[in-house]
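Form predicted on its own, single chain, as structure tokens, below.
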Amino acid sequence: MTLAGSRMGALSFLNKKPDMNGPGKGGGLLGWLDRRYQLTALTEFLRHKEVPLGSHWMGWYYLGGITLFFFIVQVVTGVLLLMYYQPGETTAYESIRFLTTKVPFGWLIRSIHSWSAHLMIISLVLHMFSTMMLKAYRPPRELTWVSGYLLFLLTLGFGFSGYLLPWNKLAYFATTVGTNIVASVPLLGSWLLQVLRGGQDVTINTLYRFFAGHVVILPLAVVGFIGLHIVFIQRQGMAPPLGAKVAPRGMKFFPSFALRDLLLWLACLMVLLALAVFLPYGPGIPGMDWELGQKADPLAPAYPGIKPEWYFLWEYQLLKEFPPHLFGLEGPQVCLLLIALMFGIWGLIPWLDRRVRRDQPSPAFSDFGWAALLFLTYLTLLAWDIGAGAASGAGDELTALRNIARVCAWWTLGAGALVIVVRYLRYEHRWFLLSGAALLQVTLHGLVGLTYLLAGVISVVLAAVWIVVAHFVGSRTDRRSET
């Protein structure tokens, strides 16, 4: 049974009208339901549905199901937390404290909810990255990529909106810093800030808005896009290997793939429970620490060393690397424009990758994915102040920052060199221009001492010149071969 046959089976199942008077298969409740809802057709569809197999690692296909599992955990634990949580200036913090100290296993439910949120984002990022590497966004699956991309953005919104709900000191000031960034948006900044905060400052109105978004608006949107994403996948099937209209071989979705997926869900559940029990308040690193602490006090001095969740650290660090003014605009405005451009490019990859639209390998976009990963890694390490211990004896802040940049650069260069070697030897990749440009920027900034923006400009210009020269030389070689 081919993938095309599976898709035809899905269409026939969806279009088939139930036979109320048909005999059905079996008696009792199952036979009664089968006569009304054609459950036999559904089981036949699942029996013939296949997962395409190729030379790539089979584990990539399970990341979507793992992300769905963590979302289900989020919903279940979120409902349990909602039974005790009371949004309000005098009740939000107290209800969380009561939940974690008085309610039996309340601390465990909150810990599972927090851990599953972070693990869901990790699995979702890996899922998007694997889709990028496997070129599963190629026609006719462009909208499948877009729906998954929108789910990623909504998930980030989940993390941002849920951070304020405990109404503790760290969450209050972190939200103040995070929403201040929105004020830098050209033209609409002031309006967006008031929409998010419900006023000029972070107040109880901000908590009410974040609570409504976290428990009503975002869940409804996520459920809708998950349903749309699954419909796209079921309608078109999983992408076969690049260059093949139909996968050379496949695995039965039910029971072979489904049972493996269920086994991974159980493994994820055990890992989640272990983390929640032994690290109930997170690993204690910036961006992954949800200890309740002190109650929010708007009149208190700002919390020292405020940093956002780990998945926002790269944006936080990038904003720090921009000067106050650049090109006649405020530095944060230019930075936000750059971030919006990067997010836009990532969402439009199915249309930008022209080679894969012709079902041809696109090594440049594979390298683009690795370059983006190195770019995010270096900025995140800088925001984590990796190497701050070695810089503790430095005489001034500038020297300390240079020591941190040097340590982070060595870590990033080591990871990048390992990735390039594996790609070259294991996967026979030969295109490393963009990842090389990312590593060049790391070298110029962390080891040479240039400013981050200057190092980035030099790396981008050199990469662009190399691409233009390579294209010109390639065109001349093709013309000579034709003559």
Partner chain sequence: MFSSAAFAVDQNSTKPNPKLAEMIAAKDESGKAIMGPEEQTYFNGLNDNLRELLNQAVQKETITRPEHLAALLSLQLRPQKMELVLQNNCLLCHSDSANHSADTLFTLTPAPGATPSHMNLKEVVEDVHFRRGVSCAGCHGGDPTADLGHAHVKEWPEKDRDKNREWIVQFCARCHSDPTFMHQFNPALPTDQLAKFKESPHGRTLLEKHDSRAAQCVSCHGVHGIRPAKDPQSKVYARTVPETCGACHADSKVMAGFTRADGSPLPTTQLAEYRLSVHGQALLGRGDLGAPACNTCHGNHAATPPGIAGVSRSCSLCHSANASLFDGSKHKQAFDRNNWSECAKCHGNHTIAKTNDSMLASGKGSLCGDCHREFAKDNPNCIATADYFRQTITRIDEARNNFSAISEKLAAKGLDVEPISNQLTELTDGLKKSRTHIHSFSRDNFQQVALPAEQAVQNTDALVKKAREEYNSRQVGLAASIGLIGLLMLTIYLKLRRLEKPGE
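Numbering follows the first chain given and starts at 1. Given the structure is predicted, the values throughout are model-derived calculations rather than measurements.
The discussion below concerns the form predicted together with its partner chain, not included here.
Remark: residue 280 counts among the residues lining its partner chain in the predicted complex, judged by a heavy atom distance of 4.5 Å or less.
Although the partner is absent here, residue 107 is a contact residue: one of its heavy atoms lies within 4.5 angstroms of its partner chain in the predicted complex. Using a 4.5 angstroms limit between non-hydrogen atoms, residue 102 touches its partner chain in the predicted complex. When contacts are judged by a 4.5 Å heavy atom cut-off, residue 302 does not count as touching its partner chain in the predicted complex. Between the options 400, 334, 273, 143, the residue in contact with its partner chain in the predicted complex by a heavy atom within 4.5 angstroms is 273. Among the residues 153, 262, 216, 79, the one placing a heavy atom within 4.5 Å of its partner chain in the predicted complex is 262.
Here the chain stands alone, but in the predicted complex its contact with its partner chain, taken as any heavy atom within 4.5 Å, falls in 94-102 among 135-143, 167-175, 353-361, 94-102.
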